[in-house]
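One chain comes next, on its own, written out as structure tokens in the form predicted on its own.
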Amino acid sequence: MAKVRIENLKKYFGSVKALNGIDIEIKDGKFVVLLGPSGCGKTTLLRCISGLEKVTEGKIFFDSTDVTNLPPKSRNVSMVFQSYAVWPHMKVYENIAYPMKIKGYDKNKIEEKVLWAAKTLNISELLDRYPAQLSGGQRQRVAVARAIVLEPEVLLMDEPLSNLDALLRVSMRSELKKLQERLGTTTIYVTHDQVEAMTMGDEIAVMQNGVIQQYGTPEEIYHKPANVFVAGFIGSPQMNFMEVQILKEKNELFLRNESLNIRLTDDLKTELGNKIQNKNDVFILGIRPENIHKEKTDISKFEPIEGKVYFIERLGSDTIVHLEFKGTRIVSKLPGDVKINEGESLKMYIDLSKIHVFSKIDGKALI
């Protein structure tokens, strides 16, 4: 297994900056997810780590070894692709054995490792079948078995579950994570699915425009987003955003716009008090839908808002309420059994202990 260190990595395709200065250190044995929208550079970064793409600038290290210019076969990495990429004319046994055959392993060693990989992925009974005789989930297991048979230092996965149906994706998420924990292989996993990232990753690197916006644990990414992009990308439904001013009156601080006039708690007042440079500065207030409640439990930490229910999404376990509030539309996530009707007036409560404030200039989090 290996620690992966990337220093100022850049990859340009002509004038397009696919990666624009990536710095990240992935600890030995960790499961790290590269998360972001399509075109953010996550697959390009994975391909640079694998050696399938030549970097424009920067360095890639496995432990203390500089692998930047090494070919893929010299890096001791394996990759699982979105399309599985199993050989259709080879049986499952031959597919799994293929990487060992091209490296010249003897027949007995190949058989030993293929049987081990097949048992690990629970596909021992499929070894004599062709890929066309397998389901999508079974083909994906074959691809993973082929990737781990050489016990690589680094395992790379490029959206390996995206072609599976929803129920199978859920079960495969847990299986892949448990497999990685058993093997202890340093794993880098690409996805645009935030649920996959949050449930599987020890750490998550959120990417946009070829740059890592934030790198941290799922809890850090969710509860302490570094900027507006991360805050809006993580969480469903998306975080509510409103422009506000931070105004000081006597010894109190208020977040204020045409719709809101929130008196800040003492903790928030202390955190934000020194961030005010100009009384006309505009900031961005962020509130997650799950932090807007129908009832309050502590009046000192909740801010009431009242509006008309514009639209309701009944999802069974949750009810998503779209509230029109003084010209602003706010989304709240409530329990599935809540009784609310479209068109009715509704009073709700913002949990002030869970709000976020960002700079409008650069989008960075202030609290």
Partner chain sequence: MIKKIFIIFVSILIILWFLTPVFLIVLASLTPSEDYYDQQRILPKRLTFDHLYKLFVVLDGWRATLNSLQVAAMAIGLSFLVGLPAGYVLTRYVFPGKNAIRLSILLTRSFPTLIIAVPLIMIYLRLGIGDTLFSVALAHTSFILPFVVLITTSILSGISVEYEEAGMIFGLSRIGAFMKITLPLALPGLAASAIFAFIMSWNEVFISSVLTFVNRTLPAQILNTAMTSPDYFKFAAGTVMAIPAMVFIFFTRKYLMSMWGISLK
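None of these values were measured; they are calculated from a predicted model. Residue numbers count along the first chain shown, from 1.
This protein has a second form, the form predicted in complex with the partner chain, left out of what is shown; the following refers to that one.
- Although the partner is absent here, G273 is not a contact residue: none of its heavy atoms lies within 4.5 angstroms of the partner chain in the predicted bound form.
- Within this chain, K178 is remote from the site of the partner chain in the predicted bound form, having no heavy atom within 4.5 Å.
- A residue is said to contact a partner when one of its heavy atoms sits within 4.5 Å of a partner heavy atom; R146 meets this definition for the partner chain in the predicted bound form.
- The shortest heavy atom separation between T319 and the partner chain in the predicted bound form exceeds 4.5 Å.
- No residue in the set L9, G21 and G29 has a non-hydrogen atom no more than 4.5 Å from the partner chain in the predicted bound form.
- Residue S78 is the only one of S78, T191, T186, Q213 with a heavy atom lying within 4.5 Å of the partner chain in the predicted bound form.
- Checked against the partner chain in the predicted bound form, the residues W116, F254, Y98, Y130 give one hit for a heavy atom within 4.5 Å, which is Y98.
- Heavy atoms within 4.5 Å of the partner chain in the predicted bound form map, among the stretches 263-271, 233-241, 87-95, 200-208, onto 87-95 alone.
- Residues of 51-72 that come within 4.5 Å of the partner chain in the predicted bound form, judged by any heavy atom, are L52, P72 in sequence order.
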